[in-house]
Structure formats: C-alpha cells, structure tokens
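One protein chain, two forms: both are listed below as structure tokens, the first as structure 1 and the second as structure 2.
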Structure 1
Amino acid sequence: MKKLLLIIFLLTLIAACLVGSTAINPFAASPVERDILFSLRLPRVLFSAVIGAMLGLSGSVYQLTLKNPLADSFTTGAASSSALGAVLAIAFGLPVALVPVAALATGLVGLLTVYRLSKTNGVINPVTMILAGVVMNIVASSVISFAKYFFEDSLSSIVFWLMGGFFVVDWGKLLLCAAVLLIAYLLFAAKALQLNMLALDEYSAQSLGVNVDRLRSLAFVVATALVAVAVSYTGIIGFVGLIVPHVARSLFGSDMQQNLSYSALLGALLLVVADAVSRTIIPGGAELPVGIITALLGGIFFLYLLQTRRERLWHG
C-alpha cells in the first residue's frame, strides 16, 4: 500500500507540472515551455507538496494531543491567529523575513488561549475547544477586517493573500519550508512512541516516565510553527489538517510511527491536486485560489464528521 501511494504521489507530481493554462508536452516542449516548466511549474508544484505535508502533519499532531478528531489548524484557531500576525506584519510594512516570526508569535498566543479555555480540572473538553477555536477565529477575523479597513494601501494584497494560494513561489521559500518540515518531522518521529502513549491515557503515560505537559507543549509549539510558516507564505489554506489525518488513520491505523509519514504524504498529495485544479478549472488562464477549493472540501468533510463522529474515526 505504501509503495502504491508513493507511485500515485510521484505520478501526480509529474502530471501537475504539465497541466495549467498552457499544457506542456514533455517530449516536444519548446524552449519557452521548458522555461515555464522548470522556472515556474516545478517549484510551485514542489512548494504545494511541502505546504500540504506541513498542514497534514500539524493536523495529525493537533488531533492526537488534543484528543479531538475535529481539531486542526483552522478549527483550533491556530491558522486565523497566525494569519493575524502575518496580516499585521504586511500592513505595517515589516521586512518579509519577519512575517513568519509575527505569524508564529500570534499563532502560539491564539492556540495557547484556546487550550487554556478548553481545559477543565486538567482535562481537555473537545466541544469547548472547538467553541474556543470558533471564538478565536471571530476575534482574529475582526482584527484582520480592521486592518483591511485602516490600511487601505495594503488592502488588495491582504485580501488576495487571505484567499490562500501559491501565487509567488521561488526556490528560496521552497527550501526554507522544506527545512522547517524536515526538522518538525524528525522531532515528531523521535517522540512517536511517547505520542502513542499520550493518545491512550495521560496517567499511564506519566507512570511510564513521559512528561505529559512538556510533550504536549513541544507538540503544540512545533505544530503551530508548521502552520505559521505555511500561513505566512500562502495565506489561509484551511481544512487540509482536518481531512488528511482521518484518511491516514482509516487506511494505515493510529500508530504515530506510521501516521506521521502518511499524514504528511497525503497532505502533500491533496494540495498538489488542489493546486492543479485551481490552475485548470477556469478557462483563459485565470487561477482560482487554492484556499477556496480546500475550504469547500473541508466544509463538506467537517459536516460529515459532525454527523458520523464515532470511535472508529480514531481507530479505523
């Protein structure tokens, strides 16, 4: 199954590089088409794969540590609070290098606020967490709306950015995001066994020597860093972290030693396909923001989860 998934992913990457406003025949490509392929299409497709892997991986960790199958960067408020920092950085004209830093700072503040509001007597209430995430989304959205109103000079760029997409991609951004993804994945992989213990029972994990608070804090910070970096470069691309972990658990089980890699791979596959659709669905060369496609898919999937949420969502 893993080999089949890898083959599908590689074929999808190749196909995504060849489709778009101008279809490219790799066996009869003109010099201009080769330039489009290697200078524009290839880095964009690889970038969408990396961002999808970041969002899928973060969603898997959020759902595990919060013990909530409806948790992801969007429903926990991490994405909107990260977007708030990025929007303010753009509005105030801060250097591009500081945009991810601002996104990470506000993302951590938003997620920790939601986490504290959802904790009662040391136990996380999943329903309260979702409600707190909704409130955080509302608060962040209101501040973002104020920024759009007050900073008129940055309005068009802010609105365009909030839709979510891969409009400006270069190899530097790709390498930076790939490095963040690799570091985060290695950290989670090293803690996979402890994360499995945390998923079963906190008290049992503590009795086995796991520092639950430290592990959960580390997971929150690293997962939010993934979201913040992704949001700072692509805008809000919601619900990838909600859909992918469920599919990974259904196909490959709940063991985090396997689920981490499959969530990252499926997230990359989903976003590569969504980006390819966004570049081809509108005739005439116009592009549909990727965030619109993932929001539509995620909204439908979210309603499905609300209707059918059962223990099998965790254990297949």
Structure 2
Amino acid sequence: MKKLLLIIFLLTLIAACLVGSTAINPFAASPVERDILFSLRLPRVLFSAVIGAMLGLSGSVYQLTLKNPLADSFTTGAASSSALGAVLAIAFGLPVALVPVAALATGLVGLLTVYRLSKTNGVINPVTMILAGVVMNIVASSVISFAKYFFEDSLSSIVFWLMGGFFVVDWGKLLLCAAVLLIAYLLFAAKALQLNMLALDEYSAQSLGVNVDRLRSLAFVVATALVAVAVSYTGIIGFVGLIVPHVARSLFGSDMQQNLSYSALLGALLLVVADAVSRTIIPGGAELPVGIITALLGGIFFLYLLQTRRERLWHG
C-alpha cells in the first residue's frame, strides 16, 4: 500500500511539473521552457509538496496531542497569528523579502501566548489550549480586518495573500522548508510510540510511563513552528491539516508510526494536486489562490467521510 502511494505520489509530482500555464514537453524544451521547468516549476511543485507535508504532519500531531478531531492550524491560532505578521508587513510596505520573517515572528509570539495561556498549575490543558487558540484566532483576525480596513491601498495584496498560494519559489526557500520538515518529522517519528499513548486518557498515558505534559508541550511547539513556517511562505492554506490526518487514519489506521508518514505524504499529494489545478484552471497564466481549491477539495472529501465512515474517524 505504501509503495503504491509512493508511486502515485511520484507520478503526480512529474505530472504537476509538466502542466501549467504552458505545457512543456520535457524532451523538446526550448531554453526558456527549460528555465521555467527547472528554476520555477520544479521548485514550486516540490515546495507545494513540502508545505503540504508540513501541514498534514502538524494536523496529525495536533489532533492527537490536543485530543480534538477538529484541532488544526486554525483552532490552535497558529495560522492566523502568523498571517497577522505578514498582513502588517504588507500594509506597512516592508520589502517583500521581509514578509515571511514578520509572519514567522508573530507566529512564534502567538505560539508562546497560547502556550502560556493554556498552562494551569504548570500543566497543559488541551481544552484550554483550543480555547486559547480560538481566542488568538479572533484577536489576530480582528487586527487583520483592521489592516484591511485602514490600509485600503494594500487591500488586494492582503486579500490575495490571505487566500494562500505559492508566490515565488526558489531553491533556497525550498531547502529551508525541507530542512524544517525533516527535523520535525524525525522528531515526531522518534516519539511515534509515545504519541500513540496519548490516544488514551491522560492518566493511563502517564501511568504507562509517558511524560504527558512534556510530550504535549513538545508536540505543540514543533507542530506550531511547522505551521508558522508554512504560513509565512504561502499564506493561509486551510483544510489540509484538518482533513489529511483523518483520511490517513481512516485508510491506514490510527497508529502514529504509520499516520505520521501517511499524513505527510497525503498532505503533500493534496497540495501538489491543488497547486497544479490552481496554476492551470484559468487559461492565460492567471492563478486561482490555492487555499480556495484545498478548502473545496478537502471539504467535499470530508463531507463524504462524515457521511459514510464517521464512526471510524474518531470517538467523540
């Protein structure tokens, strides 16, 4: 099964490289086409895969450690607090290269705020964490709305940025994100068995020898850092982190030793496809924001899952 999925994934990567505003025949490419293929399209396809994997991975870990099937980058406030920095950077007219830096900065501030708020008596409370995340989301969204209102000249830039997309990708950004993804993945994979124990109630997990609080803190910080990095480069791409882990679970079981890699792989697959669609659906080089497509694809698939396999998704 894993092999089949990997083959599908590789074929999708190749197909995604060949479609776009101009179809490229790899065996008879002009110099310009070759440049498009290798310095724009290939990094972009790989970048969408890396970002998809980051979002899928973070969602998988969020849902388990926060014990909430609806936990994702939105409910934890990670996405909107990162978006806040980017929006302010656009509104104040900072150089374009600084937009991701600002997003990462506010994303980390949001992370620390939610983390501090959800600690009661030194122990992380997952319900409080979701509440704190939702509040964070509301606060960040209101500031974003204010920026949209006040900086009218930047309105279209802000709105387009918030809809998500892979703006300009180069190999440097790609390598950076791939490194972040790799580190986070290895960290989670090394703790996969411990993470499984978190599916149990807190006391059972603790009595099995898992330091629940420490594991939960680590998982939250790393998953949020993943989201902050992803959002800082691509804007808000919704639903990947929410849906992909559920799909992975319903297809391959809940064992985190499997779920981590399948969530990452399916997230990558979803985003590569969504981005390919966003690049090609409007003829003539115009682009549809990719967040619209992921939300649509993901939402429809989720409805189907809810309708047909609800009891296998989660216990609530």
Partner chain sequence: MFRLLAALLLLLLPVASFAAQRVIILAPAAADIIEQLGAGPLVVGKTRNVLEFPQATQVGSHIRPNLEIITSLRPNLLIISSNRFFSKEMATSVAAEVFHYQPNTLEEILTQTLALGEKLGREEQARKLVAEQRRKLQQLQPLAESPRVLYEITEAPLTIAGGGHILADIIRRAGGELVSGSQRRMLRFNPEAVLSLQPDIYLWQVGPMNQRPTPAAQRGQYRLLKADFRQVDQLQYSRANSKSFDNTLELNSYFRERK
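Residue 1 is the first residue of structure 1, and the numbers go on in sequence order from there. The term rigid core refers to the maximal set of C-alpha atoms that superpose within 1.5 Å between the two forms. Given the structure is predicted, the values throughout are model-derived calculations rather than measurements.
Note: the form predicted alone is the first of the two, structure 1. If you fit the larger rigid part between structures 1 and 2 on its C-alpha atoms, the smaller part is left turned by 22 degrees. Once the core of the two forms is superposed, the Cα of L297 has moved 3.2 Å between structures 1 and 2. Relative displacement of the T113 Cα between structures 1 and 2 on rigid core alignment is 5.9 Å.
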